[in-house]
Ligand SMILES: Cc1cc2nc3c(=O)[nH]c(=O)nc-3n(C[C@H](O)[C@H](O)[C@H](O)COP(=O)(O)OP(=O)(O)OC[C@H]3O[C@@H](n4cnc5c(N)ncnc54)[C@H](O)[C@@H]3O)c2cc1C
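Okay, here we've got a single chain as structure tokens, the form predicted alone, with questions on binding and movement later.
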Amino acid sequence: MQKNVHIIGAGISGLSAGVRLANANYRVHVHEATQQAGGRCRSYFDAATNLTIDNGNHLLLSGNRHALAYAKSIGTEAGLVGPKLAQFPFVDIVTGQRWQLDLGDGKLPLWVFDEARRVPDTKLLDYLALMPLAWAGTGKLVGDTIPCKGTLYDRLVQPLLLAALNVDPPEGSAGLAGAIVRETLLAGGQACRPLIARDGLSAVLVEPAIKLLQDKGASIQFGHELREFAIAGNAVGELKFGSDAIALGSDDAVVLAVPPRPAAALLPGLKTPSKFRAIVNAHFRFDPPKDAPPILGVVGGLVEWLFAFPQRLSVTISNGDRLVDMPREELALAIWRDVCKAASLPGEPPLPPWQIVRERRATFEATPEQNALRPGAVTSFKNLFLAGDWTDTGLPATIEGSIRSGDRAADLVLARSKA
């Protein structure tokens, strides 16, 4: 007899939990408050550019084990594409200097011993100075752990940690930054090959998961917002959705995979992060130069990462609170100027069709203070588990962390059924 699990929220963490449990022969019921799945990790048609774009430019790495296993489980691992080697081109748009970080394909960071593969004008000792970060505690600041200045910091450490933490690196949690360093730079090139969902996040990570769940008999309801948990002893006894309610059996389980604010509203007393940072993405309908790399690190300007997609150039700017109230056209022009320099576009072409996507609460603030507020997956109710990139995954708010949280919640449901 199939056991039931109710997944509250159809973002990536909820979908990963649902897929894992459906594959374990659970009867899965997904309840999503909005009219679409994917949360912050989704695609949509944009009328301004007449293209399907992602609401954020998300980069995965070949060492993101949970994300790749999830993609494989829904049959879309081939949809994550990237170069064969862990090579990252960079440009400094102030000086015009270009270089390539070449991490190779090994399991050890032997690239640091090769001057030709390192960041230009850096020495081996510069990299060794980063070692305290690799084992730092989550309560320490990055700025108190490593020197946040110098060529290596400006050209690699700052861009990497800014993208991962979404805060100015010196104020970020050294423990979270250390987790990123251990799983990337210290893991060698085999863990660092960049992967992008070229056909869009929804086509690769969301829609195939929905189809798999439906093929396995799952029910998926959109516009179905959970309003209240009815508690029976030490368990959730009923889910109240406003117009209807669902009673839970003794073997049924619930995975709450919603953002921190609604989670705290549903579970009074739940400790969650309370401060957030913005991310700004810009999309331009413009055919990339034929030799444009899929992803280019940009130093010295407003733009941080430039992505080349078919018919589109897209950029990501992390820690973007300073830009959320800037006039849209003024911001688009400023970004486009950086794009023209970074992509070596001749004569700075006029502004093409564009779209700016500003997510004010894109990620929790990855500081020691806010990291300490992240709850684990287990709650005080025996049949209720939490998932989401804001829970205590050991990583900042990333796709890998989100999927890891969904897997963890699903594994707790499975362990409960075996007890």
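Position 1 is the first residue in the sequence shown; the rest follow in order. Computed from a predicted model, the values in this text were never measured in an experiment.
Below: the form predicted in complex with this ligand, not depicted.
With the partner removed from view, the residue among Asn383, Asn55, Asn371, Thr49 that has a non-hydrogen atom within 4.5 Å of this ligand in the model of the complex turns out to be Asn55. Checked against this ligand in the model of the complex, the residues Ala33, Ile356, Val378, Leu68 give one hit for a heavy atom within 4.5 Å, which is Ala33.
The stretch in contact with this ligand in the model of the complex, judged by heavy atoms within 4.5 Å, is 253-261, chosen from 103-111, 183-191, 253-261, 170-178.
In the model of the complex, this ligand lies farther than 4.5 Å from every heavy atom of Ile74.
In the model of the complex, Leu226 approaches this ligand with a heavy atom inside 4.5 Å. Residue contact with this ligand in the model of the complex: Ile399 places a heavy atom within 4.5 Å of it. Under a 4.5 angstroms non-hydrogen atom cutoff, this ligand in the model of the complex has Gly38 among its neighbouring residues. Residues Ile279, Asn281 are the ones in 269-307 with at least one heavy atom within 4.5 Å of this ligand in the model of the complex, listed in sequence order.
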